[in-house]
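In what follows, one protein chain appears twice in different forms, each by itself as structure tokens: structure 1 and structure 2.
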Structure 1
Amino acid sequence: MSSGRDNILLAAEELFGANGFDRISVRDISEAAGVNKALIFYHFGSKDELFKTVLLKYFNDHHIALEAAWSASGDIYERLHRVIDAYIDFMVEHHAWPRLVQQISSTQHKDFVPIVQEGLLPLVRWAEASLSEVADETGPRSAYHLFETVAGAVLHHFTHAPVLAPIWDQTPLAPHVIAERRAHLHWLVDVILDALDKPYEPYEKSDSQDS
């Protein structure tokens, strides 16, 4: 039924996602999985490799989910909205996922950054390709920036949720809050797509300076 290996992976996902790679010991995972500590090393070789296994599994599922949403029928408008939904659905189902990636990006853990880079690469390339119809080729409205903005808008909700929960007087992961966020993001995409039809008018009057 529940093999030792699978129990370990499940416990690792949960604990790493909720507390961070560095704050979870192998002992914690073995206890949560109900197995001997040494079994983790038997199956995965090291704590690092266990973490990488979790990461790769997520990246794989993630990629499959977005790909499916994009490749189904419809015009670019429909497809983009479908991808937004798939993206949100994935976060809802795998609440540990955005936090795992954020742990790595915020600590630049050198053993894991390459894994994230490899995992994100196809997603980024896909975004560039699929936005090419609507985005400018370069400049402030290029696929590069559009992707970053939408991804940030989606991710931010899920990664900051537990921190912001007591500030907003409701938990950001409650179904009705998610639904409202989903509506916001669809609205945002519409707004952006509409604006891309019009010529780019740079903002003026700003007197700030870089660095």
Structure 2
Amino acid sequence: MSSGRDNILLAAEELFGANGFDRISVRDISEAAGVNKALIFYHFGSKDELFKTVLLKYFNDHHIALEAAWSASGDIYERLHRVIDAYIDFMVEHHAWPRLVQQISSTQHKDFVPIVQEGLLPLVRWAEASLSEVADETGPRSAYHLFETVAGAVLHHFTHAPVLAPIWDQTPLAPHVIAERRAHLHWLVDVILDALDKPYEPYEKSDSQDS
């Protein structure tokens, strides 16, 4: 049975994700959660603290979903395909949150940036450790670049969905488009893994390109 605190967190996650931080009041959350405003202040102290709690929960749930997908049996291709699937499934369920985090990290609410970093750090460290079995420790083929590439390819689709819709003349979040994106990212991961098995030859600009 859900507690008042759980109901508050669920309502806050949905409302903040759909509307952003500024356009949602404590009253909005209390009404959606079916609780008195005083209960929100009792559990969280302020709207800011409630938002920070929900933000950290978003990153923690994100981490749990990817780690569970990675930990199941299979070769590196199978495991990374599962991670891609888990990542996309999680973002479908929380599709507004990548844009909200992007806004926080760029121009709005810089006071929340340390909370984003706090939530993101365990996820990044886990990804680096997990991918180190196929990627280099540092350099262009490092685990941290690999994670950023894959994560960016997933997140971009959701952060830019409203912009892409009229350009593509279809809804990026429609099930058939998500299925295409999933298949594309499986292919992308396979290409990267195949390339990691080959000797690395750094790109060097030729003299002819300087002229």
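Quick caveat: nothing in here was measured; it's all calculated off a predicted structure. Take the two forms, find the largest set of C-alpha atoms that superpose within 1.5 Å, and that set is the rigid core. Here, residue number means position along structure 1's sequence, counting from 1.
Comparing the two isolated copies of the chain, the first one is the form predicted together with the DNA. A displacement of less than 2 angstroms separates the C-alpha positions of His176 between structures 1 and 2, with the rigid core held in common.
Relative to the superposed core, Asp136 shifts its CA atom by 2 Å or more between structures 1 and 2. Rotation of the smaller rigid part against the larger between structures 1 and 2, from C-alpha superpositions: 19 degrees. For Asn36, the displacement of the CA atom between structures 1 and 2, after superposition on the rigid core, amounts to 7.0 Å.
Aligning the rigid core leaves the CA of Glu13 displaced by 2.8 Å between structures 1 and 2.
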